[in-house]
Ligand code: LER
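Read the single chain below, which is given as structure tokens and is the form predicted on its own.
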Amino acid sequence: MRTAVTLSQVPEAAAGPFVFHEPLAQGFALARETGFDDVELFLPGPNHVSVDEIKALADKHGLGIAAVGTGAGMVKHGLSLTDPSLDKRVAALDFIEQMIAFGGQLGAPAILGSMQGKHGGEVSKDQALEWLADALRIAGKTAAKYNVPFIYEPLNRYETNLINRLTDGAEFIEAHSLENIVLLADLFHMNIEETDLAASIRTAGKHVGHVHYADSNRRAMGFGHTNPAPIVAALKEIGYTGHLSAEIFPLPDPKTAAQQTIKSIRSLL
């Protein structure tokens, strides 16, 4: 397993669960200084920075790109895949496909989290899930062109009313025969929704493709109530070789949060 830390460049997400919000050059340097293998990027869009600039920063600091987020499509542009407006759904999928292409050129998968949206009002749950499945099918095919998967993240009940549990995500992938789609096991969301995090990881098994390593309060692991040992043991049991990525609040300060994450992971690996 490899370690990763989140670098955000989205002003609208300044209060969000991302460790480093500094300019990218500084963020890459801090990621290296605090001992991470790779970085996870949360950018305003696919044109915020060039692929070549990211490659140069990665090479300079000896870091890889673990993944790229698509959440700016929601927090900055108000787009979701389950919006009642066809035009907005089309724009949402286009944004996601552009982020897939951006990440793909870096050998990194894109993540679908908040842009999955919700059902409600004129949009039934069945309709929203049908739109979600259709979009994931397209995203999986687009990502395959770059030889990377597309990552789908079940979120807690306060952020979506579509799919909240990891095991439900696995069942959704199988029920719709979705190809090249993997799940993001976000330990913060799982702490809200799952009765046994390690058991859920074992059940989801081969579908787990990325992990957000966060404690119960979305701070660095060790600053809340989660016991990570059985979780990491379960990841080892299913043969997981992906990232443990710190998508956490930068508390009490970014460097301390980053250092605590590395300390926790090293104690278990």
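Throughout, we count residues from 1 along the sequence that is shown. This structure is a prediction, so every number in the text was calculated from the model and none was measured.
Separately, the form predicted in complex with the ligand exists; it is not shown, and the next lines address it.
Proximity of residue 243 to the ligand in the predicted bound form: non-hydrogen atoms within 4.5 Å are absent; the residue sits far from the partner. By the criterion of a heavy atom within 4.5 Å, residue 32 is excluded from the residues contacting the ligand in the predicted bound form.
Contact check for residue 219: no non-hydrogen atom falls within 4.5 Å of the ligand in the predicted bound form. For residue 155, a non-hydrogen atom is located within 4.5 Å of the ligand in the predicted bound form, even though that partner is not displayed. 159 is the sole member of 194, 168, 83, 159 with a non-hydrogen atom within 4.5 Å of the ligand in the predicted bound form. Only one of 211-219, 54-62, 198-206, 233-241 lies within 4.5 Å of the ligand in the predicted bound form by heavy atoms, and it is 211-219.
In the predicted bound form, not one residue of 1-22 has a heavy atom within 4.5 Å of the ligand.
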